[in-house]
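Coming up is one lone chain in structure tokens, specifically the form predicted alone.
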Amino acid sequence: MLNKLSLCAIASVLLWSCSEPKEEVGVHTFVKDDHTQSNADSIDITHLNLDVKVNFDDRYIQGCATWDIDNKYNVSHLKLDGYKLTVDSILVDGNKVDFAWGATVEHLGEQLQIPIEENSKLVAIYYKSDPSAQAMQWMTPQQTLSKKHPFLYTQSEAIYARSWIPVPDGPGIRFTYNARVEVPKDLIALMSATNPQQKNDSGIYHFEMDVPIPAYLMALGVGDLEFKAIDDRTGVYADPMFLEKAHNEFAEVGDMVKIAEEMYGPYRWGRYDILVLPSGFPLGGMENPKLTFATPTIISGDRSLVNLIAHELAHNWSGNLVTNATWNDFWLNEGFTVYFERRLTEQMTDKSYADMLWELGYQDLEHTVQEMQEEDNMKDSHLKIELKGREPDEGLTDIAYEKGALFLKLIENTVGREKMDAFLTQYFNEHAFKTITTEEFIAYLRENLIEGDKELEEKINIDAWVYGPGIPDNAPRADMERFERVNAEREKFLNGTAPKDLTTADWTTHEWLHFLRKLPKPLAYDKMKALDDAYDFSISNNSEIADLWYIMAVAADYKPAYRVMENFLVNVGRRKFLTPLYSEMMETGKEEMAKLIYERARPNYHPLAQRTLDELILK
């Protein structure tokens, strides 16, 4: 440790003395954020130099995090967020200093307190993460597709970067970074930065992110991976056994980037690549800059679920480029992104296809609002919510996503698509690499689009959407043309028509989801069997359809699906699928089945999914 400490200290001093200041990108603004204990509001924390080694045997990363700071207000301490980090020592401009940890605060972790002087410039922290770090999933070879090598990935959103880096961890705090990461020589490391496209002989990889990002976009993936280009600026990383399948699924992503640029201005991040993670990944995708992390559950073989990539790509304008200042403003991230995603999907398909996505999203929103009503929790159905004293993950609901997107769709319908697109392009350009609050957005909307038009303001009714509960009365609904045909086929089936005689040959995933969602629950056993015999739902390769079918099977006690359902739960870690399916078991008298499956499946789930399901199943 002494030799590594000395080398890192020398590197820190050299960085301080030799680095040239970079041109400022964006403007640093800080709004009070209840989910960080850092003091980024009173000291500029501008750049991270990360030098770490990945230890798979003991499941931690260890090394040095060096922060460039500007103590222009002469504060006495630099304060950073941490969660179960072990700090060995800290150097300020090459000199060792004492440091202290604050008491653990629920939902927030610990505050790292480092004494500094007015002219302090570099703070080097020698630390290691804990094996239980919330952001990190360590996977054994058996938990990967090839079953030859271990795998590590991080999930830093919302406030989990602090569990693997001592960091000012808030969405309104942006910084640049470079990194050196050492991994076993038969593996490759990737980050939310410039990335290698093949393994090297040393196991040491270097990264640079030269535009400022918030901590929740810090990402690391380490595994046995190969790369294949889609075009000159897009490509896919995946397990060697899965690479060709993934590449085929994402073949249109290069065109998707070009269409997005035509809609809302240039893609500012250089490359856009996709890393397909092992199936334990708890989300559909994560919009890490330059490198989207994606679940393998979107790879269905027919590109029918690739609109998720449209969503993650859209984040490179809404979220990554223009970022919500706090987690209370999360709808500014996800609502804009869902709207962008739907518009992008419409450009790549047609209006009737996008209309199906809008309607399915509306159904999800209705379900979420109904649950909030039953729980007497309608304050969380506002777009601007209050998360102080709570996990920010509690705000990651369909309110932020679907209600936020519907609000923007209403504005589009009211002012016209041409004006809406001009407004959004201007918004992205003027706020590039900046953060924004809900109130700042509303002021910008009024100044640049509503422009004092009282009739227009009344039609939109901003306050009802942003600060009011539920779904406002003026919420737009999509054209139901394709779903009306689905409704007709469903009625025929319920009235006795055999599944083989239904007109379903040209249906997409979305027609099938609408068909299944609106069937009676529980559906009669004979009708379950008839559908399964005709369409093989129990063994579907489409994860969206399979998950919905398994929920129906649990409700109907349709045992022929149980064996495959258990295999699905053991191998898929996406919370979107797990939570409703386990919930159905818990609500229909099948608690023992849920507990037995979960006991087997739990090791394959990310810590974030484990936390959600522990509360549901083991309470």
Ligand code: BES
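Being a predicted model, the structure only gives us computed values, none of them experimental. Residue numbers run from 1 along the displayed sequence.
From this point on, the text means the form predicted in complex with this ligand, which you will not see here.
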- request: Quick one: find which of 94 to 102, 253 to 261, 327 to 335, 481 to 489 has residues within 4.5 Å of this ligand in the predicted bound form by heavy atom distance.
  value: 327 to 335
- request: State the residue from W512, Y401, F537, F175 whose non-hydrogen atoms include one within 4.5 Å of this ligand in the predicted bound form.
  value: Y401
field: Heavy atom within 4.5 Å of this ligand in the predicted bound form - residue from A219, V322, L112, M286
entry: M286
query: Is D393 close to this ligand in the predicted bound form, meaning a heavy atom pair under 4.5 Å apart or at it?
result: yes
query: With a 4.5 Å heavy atom cut-off, would you call K409 a contact of this ligand in the predicted bound form?
result: no
message: Can you tell me if L308 lies within 4.5 angstroms of this ligand in the predicted bound form, counting non-hydrogen atoms only?
response: yes
message: If we define contact as a non-hydrogen atom of the residue within 4.5 angstroms of the partner, is H315 a contact of this ligand in the predicted bound form?
response: yes
Residues within 4.5 Å of this ligand in the predicted bound form, restricted to 146 to 172 and counted by heavy atom: Q155, E157, A158
